[in-house]
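Taking the form predicted alone, here's one chain by itself in structure tokens.
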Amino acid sequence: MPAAAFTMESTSTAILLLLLALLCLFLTLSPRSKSRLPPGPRPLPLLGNLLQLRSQNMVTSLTKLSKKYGSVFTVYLGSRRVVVLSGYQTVKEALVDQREEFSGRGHYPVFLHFTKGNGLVFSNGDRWKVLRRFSIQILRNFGMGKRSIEERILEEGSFLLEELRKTEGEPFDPKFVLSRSVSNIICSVLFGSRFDYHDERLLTITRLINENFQIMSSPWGEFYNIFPSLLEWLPGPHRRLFQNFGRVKDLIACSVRDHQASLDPSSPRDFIDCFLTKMAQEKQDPLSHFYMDTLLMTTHNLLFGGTETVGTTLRYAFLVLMKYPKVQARVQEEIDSVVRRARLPALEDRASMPYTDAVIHEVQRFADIIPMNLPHRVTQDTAFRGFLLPKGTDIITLLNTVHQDPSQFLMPQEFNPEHFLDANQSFKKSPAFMPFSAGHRQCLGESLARMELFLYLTAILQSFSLQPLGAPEDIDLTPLSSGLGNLPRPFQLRLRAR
């Protein structure tokens, strides 16, 4: 009897899978009167274009497909249809010239599983517009892009330098001390104060965020985004993602409860206080977007973005400066000439330090921390480059092809600060510089990140020289993995006091 039941269950499962495959094939091949989709590789039922996306990372696969199908093409991630945009001109036409039509947030299962479409980064429609407008205003009120936030970064930079001096020239991995220091900046805005570098809350936040960024940038993260329903049933590191997300959310919730107990609406201390006050003001409005889960998700979005990307960029900068010691030496010469040693570098020095500014921009271009951007979505039926994209179509913009576009950068595959310098060695902007994306979904923490990168890197190079443990030419700048992010390979270095 059990064997017969097992056979019947197996037969039923096989029939169900066959019916699903036929339905998927019908939907894939049936004509669409409303849309004129770009070309692309022919998908298989259920699997989509998995066979064309078999390389070590999806960024490489999609970049190769763009060479065959052009700068606008269609792929299927499982059964989900996605239009991919490649190259500076194409991405710019979408995100900048047609910014309203491409302003939706696309499907990203790894985050959707946790956020359920809530929070600042992964919401859509009126909720996203309201949360973005509110967040921008509050972050500005707490100094984003102003002198007051610069003072916080300089203060945190001093704590970081003190921690780095404790290495006393011995080899160490800079990953976690950089993450803790960078995270403290956004923590001071969100929670009202910085943490000691050995505070258990800060250590937990940075560890969990670092681990999640690494998993999401691995093949496991990519596979989950293609087949989320399947991976719900399979073991693997992707399962830690949601445990980690939940633990960070619990830490934020604990801080929110502390804020509620001591809230003074007339004197908000930080982002959480402002959000709680807004929640109270709109408590009777059934259509309000300000409620507890939105606060938790929005705070998590800001904490994740404010911790990981700048810390990862700084680690790439360390690797690049050790591999090219002449570049490091020239940056230090400029620091010594403009700032000298009596004070820390300040933001106003940047205008007088074109080479340093160019190096930082080139690190961001070359490292390409978020190579595929977060997915966009067209908010209406959209005519684009001779095609008609139906409302709700998800869009992947390959920022790596923007940053490596030979029409915009002379030697796109090489690290070369001259990409951001003119003939007179003055700093030169590039419209193809998009590490923070572009258009309506451009990262609202851009001004903070730019300040952090300049002030941190110049303060460190003013006090120390970065020394590799081996030969500079042996340093490998290729990413350890590439999915959501390009992750630098683990390394150690020595700091020599100057």
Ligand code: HEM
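What you are looking at is a predicted structure, and each value in this text was computed from that prediction instead of being measured. All residue numbers refer to positions in the sequence shown, first residue = 1.
Quick note: we don't show the form predicted together with this ligand, though the next part is all about it.
Practice task
Just give me the single entry in Val59, Ile460, Leu448, Ala432 that has a non-hydrogen atom within 4.5 angstroms of this ligand in the predicted bound form.
Solution key: Comparing distances to this ligand in the predicted bound form, the residue within 4.5 Å is Leu448.
Handout entry: Heavy atom within 4.5 Å of this ligand in the predicted bound form - the one residue of Tyr324, Trp220, Phe387, Trp128 that qualifies
Key = The residue in contact is Trp128.
Problem - Any non-hydrogen atom of Ser437 within 4.5 angstroms of this ligand in the predicted bound form - result: It does: once this ligand is placed as it appears in the predicted bound form, Ser437 has a heavy atom within 4.5 Å of it.
Handout entry: is_contact(Gly305, this ligand) in the predicted bound form, heavy atom dist at most 4.5 Å
Key = Contact check for Gly305: yes, within 4.5 Å of this ligand in the predicted bound form.
Handout entry: Gln364: touches this ligand in the predicted bound form, heavy atom cutoff 4.5 angstroms
Key = Answer yes; at least one heavy atom of Gln364 falls within 4.5 Å of this ligand in the predicted bound form.
Exercise for the section: Answer for His376 alone: is it within 4.5 Å of this ligand in the predicted bound form, judged on heavy atom distances? Expected result: Output for His376 is yes: heavy atoms within 4.5 Å of this ligand.
Handout entry: Whether Val121, Leu399 and Arg441 all lie within 4.5 angstroms of this ligand in the predicted bound form by heavy atom
Key = Yes, the whole candidate spot contacts this ligand.
Handout entry: Per-stretch contact check against this ligand in the predicted bound form, the hit in 227-235, 305-313, 246-254, 154-162 (non-hydrogen atom, 4.5 angstroms)
Key = Within 4.5 Å of the partner lies stretch 305-313.
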